[in-house]
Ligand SMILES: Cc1cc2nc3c(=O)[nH]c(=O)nc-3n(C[C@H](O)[C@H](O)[C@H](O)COP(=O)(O)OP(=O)(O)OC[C@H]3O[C@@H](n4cnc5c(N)ncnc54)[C@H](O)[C@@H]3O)c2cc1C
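The chain that follows stands alone, in the form predicted alone, written as structure tokens.
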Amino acid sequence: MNIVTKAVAAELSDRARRAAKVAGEFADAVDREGRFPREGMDALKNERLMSIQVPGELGGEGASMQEIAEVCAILGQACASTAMTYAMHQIQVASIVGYSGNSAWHADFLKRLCDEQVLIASATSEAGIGGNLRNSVCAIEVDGDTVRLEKDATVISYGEMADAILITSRAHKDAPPSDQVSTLFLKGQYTLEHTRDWDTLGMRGTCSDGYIFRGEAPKEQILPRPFAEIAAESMLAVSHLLWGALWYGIAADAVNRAQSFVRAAARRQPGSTPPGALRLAEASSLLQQVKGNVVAGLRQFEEAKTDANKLSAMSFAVAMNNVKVGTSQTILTIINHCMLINGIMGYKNGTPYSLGRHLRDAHSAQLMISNDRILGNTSTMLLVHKQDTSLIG
């Protein structure tokens, strides 16, 4: 990384920390009330962080996935719901930036994203297929230059707060479930009929309620590339990497709280090793493993992103799946260690060492896309593909 790039990355990190400071002040209230993290998201918009992935020629900053992941990790240390909302928004931006081709409409939308810092939601889950995003029941209807779509979406995270929704469907009424397209509908072009509440253990601020989506828009708002390509080459990898980064952030804050607890204990008893010190060292080691897992995945993505063959290769899919599974499992072990270190002060809410929110938010990691589903896909690929064992790529 050259000096100029380092300076840009540092400036982005500074902006992210300012937004995270605001988000962190309201994190407990967002969790307790199960409400949208308005303050944190407004701070991200004020720092103009919603559009950093958009290319410079369209008004953005052309940020790399590594830089976006760093923003997610910083936010994850402050408020997991804010971090997850931001990550999901950036996953949709990646699909539009990478797969809108020469579409003038989508280019204009990306300029609007930069000007107005709009928030984009996603609707892939559907009644009848659950979280299997590579299949759809609903089909988009094309009538001349107009498209219409109705979808029973079991989850649309922050749907009512979004300015636009990128939604999947079958390409037409006679298409098989896996022949899908993505269409970007703007607020005012759709209605949401609330059907399911989001009253959950953790990640409560993502407000991932269910809705009947009904939309009508110009045909040009359909992304020109098939969703199969978007999912295989971008969406799944970007999801695993950005989610992994924010999950790392949650665990990192837990370790920081445990370290503060051990230091306080050491000050009270000079000359003796606090009982939690060895467990803290173990948690630190596990946290480094998570960091290495995410960083390696990000580097592999950056190296492959300009080569469609690499992005669609089984070895790449296996690597990205392993980032997700490994990270989501290990952070729970880390936070459990930290809970044991902090004891009752970690178990109680409202202390500087509280970890209940961290633990509850972290439990979502194995469920967003289910680890069992991912492991099933990975096992199938490993039947026909040799595991990559090289340390140099």
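Keep in mind that what you see is a predicted model, and the values were worked out from it rather than measured. In case it trips you up, residue 1 is the first one in the sequence shown, and so on.
We do not show the form predicted together with the named molecule, though everything after this point is about it.
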{"property": "Full three-residue contact with the named molecule in the model of the complex, heavy atom 4.5 Å, for 155, 203 and 364", "result": "yes"}
{"property": "Proximity to the named molecule in the model of the complex (heavy atom, within 4.5 Å), stretch among 265-273, 181-189, 98-106, 203-211", "result": "203-211"}
{"property": "The named molecule contact in the model of the complex: residue 385, any heavy atom under 4.5 Å", "result": "no"}
{"property": "4.5 Å heavy atom contact, residue 380 to the named molecule in the model of the complex", "result": "no"}
{"property": "Contact flag, residue 176 vs the named molecule in the model of the complex, heavy atom cut 4.5 Å", "result": "no"}
{"property": "Residue 258 within 4.5 Å of the named molecule in the model of the complex, heavy atoms", "result": "no"}
{"property": "Heavy atom within 4.5 Å of the named molecule in the model of the complex - the one residue of 119, 88, 283, 230 that qualifies", "result": "88"}
{"property": "Proximity to the named molecule in the model of the complex, single hit among 254, 123, 294, 75 (heavy atom within 4.5 Å)", "result": "123"}
{"property": "Residues in 236-269 with any heavy atom within 4.5 Å of the named molecule in the model of the complex", "result": "none"}
